[in-house]
Structure formats: structure tokens, C-alpha cells
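Read the single chain below, which is given as C-alpha cells and is the form predicted alone.
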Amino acid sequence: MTMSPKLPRRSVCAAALALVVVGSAWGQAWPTRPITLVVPFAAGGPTDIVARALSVPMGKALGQTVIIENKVGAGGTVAATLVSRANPDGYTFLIHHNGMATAPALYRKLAYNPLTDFEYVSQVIDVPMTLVARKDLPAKTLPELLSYLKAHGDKVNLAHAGLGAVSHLCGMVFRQAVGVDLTTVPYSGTGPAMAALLGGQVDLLCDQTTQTVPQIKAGAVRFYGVTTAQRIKALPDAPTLAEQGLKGFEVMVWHGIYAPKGTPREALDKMNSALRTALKDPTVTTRMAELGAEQVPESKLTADGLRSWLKQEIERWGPVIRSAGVYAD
């Protein structure tokens, strides 16, 4: 019978020590260096605003800096692809909005599967949307806007943050609701889109309250209403689009945090805990309230909550997008 050679005592001790070190690295020491949170859209845009507001208190809770890295392109799919292929070592995460659920229907060739190629941390926060226009657009109210679009629709353009961005989806729902085929103008994010609107280069934009509330309160844009079913705390006197006649018009932005498939559970759990801590930080709660963002239920602040919601949203938006015939290669 062939006997396996005995390892020298020194080798056995070294191997045992290595196992202890690896175990303690994930059980105690993680994180030992800065963590990157990838944002799929331009700096200054709504998702970027949420990410940066959370990054500081999350970093404090983790004992390491959370670095925001903007990876712009293709409605968020560039960033999602990058994170899906990143080293699953617990140092790369993705914060993304509804675009994570709409990409499967929008893109014929998607480099990742949102339901199988990621680990889930948690849903983050919900953000209502608003319909705004350049300040000097003649129509001052929603009824006036609808009449204006009927008469000048072929000359009116609608900005958005790229194919699959929520601003694009909201605009698509608006076009279907009013029955006017407006010209759409894509940008690399709603930050640049808002800049174009303020500069009078585009006419309309459907964007998140995290970016529009300050402009609305400053009187820098025309404001026609919010896209939620109910009025919002940040703009309590503002009517919804639905109550002004666009029945059933409801678009809410939601955000989630993801990690590459295979990221250790310890890292995911600690990120979830840090997120929960950040969402209770007075600076964050005050800032999000000012911008109209709303806390999500406790049931959604889990990996399973995000996974379940993502699946529901994929099933919701798929038929809408396919019926509109909107695709990207």
C-alpha cells in the first residue's frame, strides 16, 4: 500500500495558520482597505447624489472610505457589466436604480443576467419623479402643456439620461399617455440633461426629485407635477400628474446595492449593516427628506427583499418596453 508522505510539522503549522488568517480576515478584519461603490451615471445626477450622501456614514460604520466611482454608459449597463466581472473580494459594489430591471427587455445582447450574476445587499431608497420644462416654455400648467404638445409636438424635445435610464422610461410612459411622439435627446446622465434644460437647449425632462426639487423651489424650471400616486412631502402643494388627468401615471425610482457573484457573505452582511446605519444618520435623513426621497419598508432592506423586488420589476417593465418596440443592440 502506498502511504502519503507526511508533511513536515512546519508545513502543517503554516497551513493551519493560513486558514486562521483567511477566516479572521473575513470574520474580523474586513474591510482592510477602501471600498468602491460604482455609480452607473454621471456625477451630479440623482443616483450619484444618493450614493454620495450615503458614502460618508457608510464609511464611518465600516471603518474605511467608500469611494464613489462613476462609470457612465448605455443606460447603466456599462457599470453593471464591470461589477458583474469584478473580483468578488468584497471591495467592489454597484448602486443602481430601475435600470437593473429594464435592461433585460431593452438590450438584445446583455453581458450579464441581473438575477444570476450578482449578490444582493439591499434596496436603498425610493425617489419620486417630476415632470419639468425649461423656464421659458410657453405652457405654464399641465393642461396648457398638453394643448401645446398637440399643436407643436413635432418641435418639442424630451431629454433623458440614456436608453434604459428611469428618465427615459418616465418619458416613454409620458409620450404614450399624451399620445404625442416627442423627439427624445439622450445624455450621459440626468446631471447633463438638467444642465441642458436649464440652458434652454431642451424642452422637457422627467427626473427624480433628488435633482429637481432644488430647481423647482428656486423657480429655475417650469414644474407640472409629480409622477407618484400620492402627493409627496417635499412638494406638498404639488399635484400629481394622475390627479390632473393622466390616469394611472405612476413612476417611482428605486435603488439597490449589488456585488459580484461570489462575494463573501460576511462582506455583504457588513455592507447591509452599514447601509442601515447610514439611512438613520441625521444628515442623510434630513438631506433625503429635502430632496423628496422616501425610506423603504424594513422588509426591503435585505438581500432577499431586493432580489424579490428586482424580479417583480423585471416582470412589470418587460411587457411595457416590448410593446413600445424600444430596443438597443
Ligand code: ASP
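Here the structure is a predicted model, which means the values were calculated and not measured. In case it trips you up, residue 1 is the first one in the sequence shown, and so on.
Absent from the display: the form predicted in complex with aspartic acid. The rest refers to it.
Although the partner is absent here, Val166 lies within 4.5 Å of aspartic acid in the predicted bound form, judged by heavy atoms. With a 4.5 Å cutoff on heavy atoms, Gly191 counts as touching aspartic acid in the predicted bound form. Aspartic acid in the predicted bound form comes within 4.5 Å of no heavy atom belonging to Gly292.
Residues placing heavy atoms within 4.5 Å of aspartic acid in the predicted bound form fall in a single listed stretch, namely 157-165, out of 157-165, 232-240, 79-87, 137-145. Using a 4.5 Å cut-off on any heavy atom, none of the residues of 257-295 reaches aspartic acid in the predicted bound form.
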